[in-house]
Structures are given as C-alpha cells and as structure tokens.
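Next up: just one chain, as structure tokens, the form predicted on its own.
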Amino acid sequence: MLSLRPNAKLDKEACLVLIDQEQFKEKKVALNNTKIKDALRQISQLNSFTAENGQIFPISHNKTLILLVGLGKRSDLSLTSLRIAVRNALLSSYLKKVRDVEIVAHEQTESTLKAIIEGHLIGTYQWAKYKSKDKNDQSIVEKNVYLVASQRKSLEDAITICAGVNLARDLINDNADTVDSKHLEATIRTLIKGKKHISIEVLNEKELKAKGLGLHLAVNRGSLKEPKLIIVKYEGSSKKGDYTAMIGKGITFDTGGLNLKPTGHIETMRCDMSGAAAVIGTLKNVLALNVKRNLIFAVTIAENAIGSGAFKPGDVFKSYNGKTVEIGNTDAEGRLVLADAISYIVRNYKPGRIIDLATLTGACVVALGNDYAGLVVSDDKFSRDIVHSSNETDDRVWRLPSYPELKDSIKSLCADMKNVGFPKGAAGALTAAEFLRQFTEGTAWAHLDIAGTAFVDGSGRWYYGHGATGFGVRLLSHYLTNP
C-alpha cells in the first residue's frame, strides 16, 4: 500500500531519506529537522557515509529508524537507478520487520516522485503464491509506505498504473495450467463487469472454426485446452471511429510444438502470454483512469502443445483473410495466432491503428538483449509517439527496420507464404514482423517484440526480481493517456 502525505512527520517505524552526494556535502537534506542535520554533520566528519549510489546508513531519531539512502552524484542519477535504490532500501535487512515506512525524496519533481512510486510498487513485487511461509520468519513483506508529496492526480494515476503492471505479472507468473483461456476470459469479465460503454466478443473453438481462423486453430491442435480470441470494445470518446486496437499474443504455454524447445529454453515458456497479459493490465488501467479514447483490447489465446493432433512442419493452413501459410517451424506459432487476430479485427472493427505485443522471437533478444523491446512500425509519427511513451515510462523500445524486400524472405514454394524467413537464421525479428504486416491490410500498425523484456529468469534485473516484468503496461497506459 502506498499513500501520499504533504509533510514529513517521522511518526512511522522507519523513514527513508533519499540524498545525493551534492546534497550531503552541502548538508541540505530534504528534511527540516535540526537533530538529523546535526547527525549528518557528525557522519560527514567520520566519513562513514558519503551518499554513494546504493549506500544505506542507519541512524535513530526518537522511536524512528532513519535510513539515509545514497544516490551518488546528481549528474549520474537516472530514474532507473533511482527506482533500483528505492527497491533495494525497502528490501534491505533494516526493514525486514518493519511495516510502516515514510519516504522523503531528495527532490519533488514529477518524474522523481513517479520513479519512487514505481521503485516501491513495481520494485518490491514478489510472486510468492506457492511458497510456504516459514513459521520462524518474522519478516513483513506487505508494507505501508507513505511518500512525502502533495496530493496530485498524476501521482495517484502512477499508483493506479502500477496495479495494472502487477496484474499482468500475476497472470504471467502463475502456472500455465491455471492461467488458461478460461481463466483469462474470467479475469477480463471481472474487470469489465458493471462498466458502461464496453462490450465483449468471445470466439471459442466453435466460432473460430465457423469464421475460418485456421492459423489460430492450427497452433492449438495438440492441446486439450480451448483456444479463444477475446475482444473488448471500449467507447471512451463520443468521437465516432478512430479506434486504437491493442492485440496481445497469449500462448499460455509454448513447448515449441514438434519443433520442441530444448532444456534451458522451455522452462519459462508460461511467459509466452506476456503480450496478452500486458493488454489485460492496460485494460485494467484504462477502466480505472476513465481514459477518453475509443479502444479495442484483444487477446489471442492458444497452447502450443505436443500431441497426436499437433500441427506439423510442412503442413499448409488457410488464414482468416484467405492467405495460405506453409509451416516451416511449429515454434514460430505466435505470428500465426496474431495474424488471424489482426486480420479479423481489421475487417470487423476497422481500427485506425493497431499495436500488437508479443514475446515473438529469440532473434530480437540476440539483437537487442533484455533491456529493449524491438519496435517495427508503419510510419514515423506513430514511431515517435511510441518511443516518447517508452522514454517516459522505462518500458524501453528500439525501432527496427522494415522494407519492401523483406516480403521475399517469407515466400513459400507451396503456399502464399511461410511462417519462417529465408535464409534460415537471418533477421528473424524482421521477417516475423513482415509476416504480421501481410495481415494489416494497410492499417497503421506497430509491432512490439517483447521477448527479451517480458521475463527475468534469475536473481533479478534492474528493479525487478525473478519472473514477469509486466512490460508494455506502462508504455501503453502512457500512450493512451497522452494523445
């Protein structure tokens, strides 16, 4: 829980005082308390605390534990490193048994306060649903945090947006057999229940067959779970038309199909629905923020499982828009379900623009690593708008090229196209995006390949622990609220 309070009171069990090196040298800590300023002078003389980045130093004031949190040189301090510093301080052993914490920021700028909010709400998120509680462990995980800042809508909105991020993370982190198409549909229906100006269309297996979404159905053939395409239409503006559609890849588990993923790659493949989770998290935020735009939220859900009915390399399937696709690799399944969803939404909902999110290619991870998502976009203005939201939210993207000759790379000798590019292994992120472009029918389109950014496998990265990051929720929420 996070609350805002206009003034520091030092009335909680602990207080984090954020301080950069320049402030420390000048003894200008953002806390008007004579005793604490005297303590700072003594600490400075002893040279026991220098406000280096990551340094934490405890002092006591009455019954409050005060942690001085060093931020390093002001010129070197980024919002990312600020989020990391806040996370590390809140998770430090000093606060292990503390429930109520006050935070005093080193400055009161909007971007700084938002970063502190995210450092707490996103940074201290933990997925512990299946962890047994040690009876001897007295640590308090859920803390009440009081940030010293004036009440303002932008900060309340930042708190709201973090909730959408963490919903997406919950969906991604849970067991694949729990978060199936029925679970995702139930989650969406719960979010929209009782809301005005909103409608839902659900295509189950029967409807997918009747309407001819052959690529989507092919991917799910080896699974006992039912595939779904779920579309939520949100009328937030009285302006007719001009809908923005967001489409998320929702492969609830990706074995790779008959082109089986090897050990070392398959273990985290419940995260292959991170695009769908980001769309659902953004839907939660849009409803909470009452966004004044016309929007479409779509999640295309399947499980790429192995079974006697699983689709096979070399098979040819017909898509919703009539184009036939040769299967060159069953592990290139995400583009198949997205292709049918994109063409279905283009033809039936006629959006002004489309944004798709997908953990699509390992090639994007090779190209950009784990800190940037790949962006392929149809025009420069669309690109600038998305990159701006990326820069504002720390959901980082990097634009990749798209050019006419790429169409030749997905040609097939026996169908209209192939679901893998040629030559093998070259520009895989680009050829995957080009495959999707074939189904946009000229609609303005942006593709976000979030394969590297959606999940942290290990001890942590930046201000994330192990597991899902909720990538894309902050970016989309900013884009939709800053037209």
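In case it trips you up, residue 1 is the first one in the sequence shown, and so on. Being a predicted model, the structure only gives us computed values, none of them experimental.
The next section is about a form of this same protein that is not shown, the form predicted in complex with a small molecule.
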Q: Select from the listed residues 165, 332, 299, 218 the one whose heavy atoms reach within 4.5 Å of the small molecule in the model of the complex.
A: 332
Q.
Only one of 407, 211, 388, 261 gets a heavy atom within 4.5 Å of the small molecule in the model of the complex. Which one?
A. 261
**Q.** Stretch from 107-115, 338-346, 358-366, 73-81 whose residues place a heavy atom within 4.5 Å of the small molecule in the model of the complex
**A.** 358-366
Q) Is residue 395 close to the small molecule in the model of the complex, meaning a heavy atom pair under 4.5 Å apart or at it? A) no
Q. Does the small molecule get within 4.5 angstroms of any non-hydrogen atom of residue 51 in the model of the complex?
A. no
(Q) I'd like to know whether residue 69 contacts the small molecule in the model of the complex, with contact meaning heavy atoms within 4.5 angstroms. (A) no
Q) Contact between residue 420 and the small molecule in the model of the complex at 4.5 Å, heavy atoms? A) yes
